[in-house]
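One chain follows as structure tokens, the form predicted on its own.
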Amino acid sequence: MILDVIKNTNLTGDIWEMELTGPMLVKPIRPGQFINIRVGESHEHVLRRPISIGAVDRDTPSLTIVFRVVGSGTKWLSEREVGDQLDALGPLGRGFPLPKEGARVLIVGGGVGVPPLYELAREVRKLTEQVDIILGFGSGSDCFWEDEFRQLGRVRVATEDGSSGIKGYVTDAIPNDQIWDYLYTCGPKPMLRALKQHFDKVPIKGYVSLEEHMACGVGACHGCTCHTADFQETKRICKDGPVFSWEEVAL
């Protein structure tokens, strides 16, 4: 499926925001799903790049992705201009289940794990006003979308070097005097593991979006797998996830 680039902006450092439009927008898109983009002009990049859908605008219509430049493939993507076209598959994967109406919700994102939580926060806000959001970054210069999230809930920012918000990790920014019914999170696996340990004795429904290198993106190659919590089976992150209950998979 072909998507047209209508915006491509450097947010900060090596983080880019791209807005796309095309026939994919007629399909239902759930928060937490992703698209798999072909990169390069010929066959120098065999594998597509899976990138989470950060926001959906049905009026434009358009979808927004945010990605970090980490190699030649994503560098090529960052060089696309308005009017360029991308070959993409999607929407793919299993997204976030939404909370019950009026529930108390905590949303926690780390680095490039922040974007897929934005569309989720928009949908959650339609169901409840009790939304707390924690965004974690390496430093203040890495922060993005803070203002956008503030329109959807009470936001706390944590940076490892203390240059913005609370110094430390996302777990250091969790208020000790609050309780939640649901926790939704996406970011590096050590962060997900730390969050699960933090709430180990608390009755809360936790959902994690796992980041992983993917090949086909549709579950055929079994190249992106994770263990179930009992280590008896494996799950395909691209097809069975990327969103799982944190009781379902080993972190």
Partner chain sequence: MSHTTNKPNLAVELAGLHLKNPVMPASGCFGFGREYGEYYHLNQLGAVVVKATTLHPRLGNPTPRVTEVTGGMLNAIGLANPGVDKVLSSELPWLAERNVPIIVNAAGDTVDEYCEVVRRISNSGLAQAIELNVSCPNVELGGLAFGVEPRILKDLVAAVRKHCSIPLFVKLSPNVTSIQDLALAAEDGGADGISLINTLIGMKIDLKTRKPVLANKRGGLSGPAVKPVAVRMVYEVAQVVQLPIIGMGGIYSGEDAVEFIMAGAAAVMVGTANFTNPYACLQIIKEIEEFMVREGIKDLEEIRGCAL
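Bear in mind the structure is a predicted one, so any value in this text is a computation, not a measurement. Numbering follows the first chain given and starts at 1.
Form predicted in complex with its partner chain: not shown, discussed below.
Asker: In the predicted complex, which of the stretches 56-64, 219-227, 201-209, 180-188 has residues with heavy atoms within 4.5 Å of its partner chain?
Answerer: Looking at the partner contacts, the answer comes out as 219-227.
Asker: Please tell me whether any heavy atom belonging to E44 falls inside 4.5 Å of a heavy atom of its partner chain, as the geometry stands in the predicted complex.
Answerer: Flag for E44 set to yes.
Asker: Please check if L192 has a heavy atom lying within 4.5 Å of any heavy atom of its partner chain in the predicted complex.
Answerer: No, L192 stays farther than 4.5 Å from its partner chain in the predicted complex.
Asker: Does the 4.5 Å heavy atom contact test between R38 and its partner chain in the predicted complex come out positive?
Answerer: Yes, R38 is a contact residue.
Asker: R30 versus its partner chain, in the predicted complex: is there a non-hydrogen atom within 4.5 Å?
Answerer: Judged by the heavy-atom cut-off of 4.5 Å, R30 is well away from its partner chain in the predicted complex.
Asker: Only one of A121, I174, L92, A158 comes within 4.5 Å of its partner chain in the predicted complex by heavy atoms, so just point that one out.
Answerer: Flagged contact: L92.
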